[in-house]
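To begin, one chain is listed below as structure tokens, in the form predicted alone.
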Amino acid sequence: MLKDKTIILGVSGGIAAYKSAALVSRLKDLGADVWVVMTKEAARLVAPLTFRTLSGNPVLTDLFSEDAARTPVPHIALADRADLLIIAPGTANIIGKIAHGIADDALTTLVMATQARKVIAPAMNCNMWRNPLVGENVAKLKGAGWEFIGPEEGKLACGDYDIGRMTEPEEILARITGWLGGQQDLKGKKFLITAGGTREAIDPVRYISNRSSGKMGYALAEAALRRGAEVTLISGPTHLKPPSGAKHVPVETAREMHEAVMEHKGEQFAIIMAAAVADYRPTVTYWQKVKKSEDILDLSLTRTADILAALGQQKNGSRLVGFAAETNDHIENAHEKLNKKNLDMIVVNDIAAFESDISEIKIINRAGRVEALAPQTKNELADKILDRLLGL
């Protein structure tokens, strides 16, 4: 995917430098030519030999090192070859130096010389990230065209659980492949995607829900982002981390899902309803926990709003995609749902796909054409669903 692409990885002196070794390995797996440039502080945390072994290239630690001497004006030679420069981890120090035009080591000198796309994955203590001076430096770099990935919330080196953790290598890799290795055919298009199940409260501790994991909706959001789309992800409760770059709107109930979808549905190129929204909710929600008393507890249920049908009545130019999880008569039920709710496309899967990373689906378009896709990962299927959506 990244064959013939040259990527410079700048490693600055944060404890998250160990994660950058995994990033180099994955970039190499995808065919990239990776050159690592380290600050002297980073070289005290991870040995340059590690990156040299993983990248297959000399590691630049200063402009006068033995490796640097092999290439005339190394920072210029590398800067001219680069398709992308990413600094991971990006400390408060390196962000500040770059923001103020300081070029006093191999990494900052190379930064000043390259015209490649420039990215930073910050990693630092939460208080440092919230420092107004750091905020000003980040804003300055964003204004100069730098892109930021993260930071994330998580356990920090100091032991706190807070903002400041470097984004995981796999997510950074996904963003890089989207920029360099993937098609940007969705650039400028807005997508509204729903994911996960909803929870309908019986009392403060019990609820009605379903087995939806949200994996398909999240995979669709990630794929759309990778291909350049602007994504709003409305999600019921899941154990998944929202993809970086998406506008994440968390909801819990079918009513909250309905309100969020109606609020964000305007001016969308496509609306993909991958969420498993509850069809019924308890008629009465008890404000205290219901105690065990009788052998049978009768529970009265009321229909929830049909979000998909409401969208079908007022599409306003948006392409509308529904999902149908069935146990029997899959195609017949899906055809009926597609026509009744005025969908442009419907994705049919078996309930066995719930909670699994693998799914076997059928796609039915407005003309009634049925396409069966072989079992594959939901990440792979997400791109195929988007391909079919573009072809409508």
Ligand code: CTP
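Since this is a predicted model, take the numbers as computed values, not measurements. Note that residue numbering follows the sequence shown and begins at 1.
What comes next is about the form predicted together with the ligand, which does not appear here.
- The candidate stretches are 269 to 277, 223 to 231, 140 to 148, 154 to 162, and the one lying within 4.5 Å of the ligand in the model of the complex by heavy atoms is 269 to 277.
- The closest heavy atom approach of L240 to the ligand in the model of the complex falls outside 4.5 Å.
- Residue contact check for L84: none of its heavy atoms lie within 4.5 Å of the ligand in the model of the complex.
- Using a 4.5 angstroms limit between non-hydrogen atoms, H330 is distant from the ligand in the model of the complex.
- At a distance threshold of 4.5 angstroms between non-hydrogen atoms, G236 is out of contact with the ligand in the model of the complex.
- Taken together, K97, V119 and L133 are entirely out of contact with the ligand in the model of the complex: none brings a heavy atom within 4.5 Å.
- With the partner removed from view, the residue among A43, L30, I363, A325 that has a non-hydrogen atom within 4.5 Å of the ligand in the model of the complex turns out to be A325.
- Exactly one listed residue, out of I172, L110, V251, L308, brings a non-hydrogen atom to within 4.5 Å of the ligand in the model of the complex: L308.
- Within 4.5 angstroms of the ligand in the model of the complex, the stretch 327 to 346 places a non-hydrogen atom from each of K337, K341, taken in sequence order.
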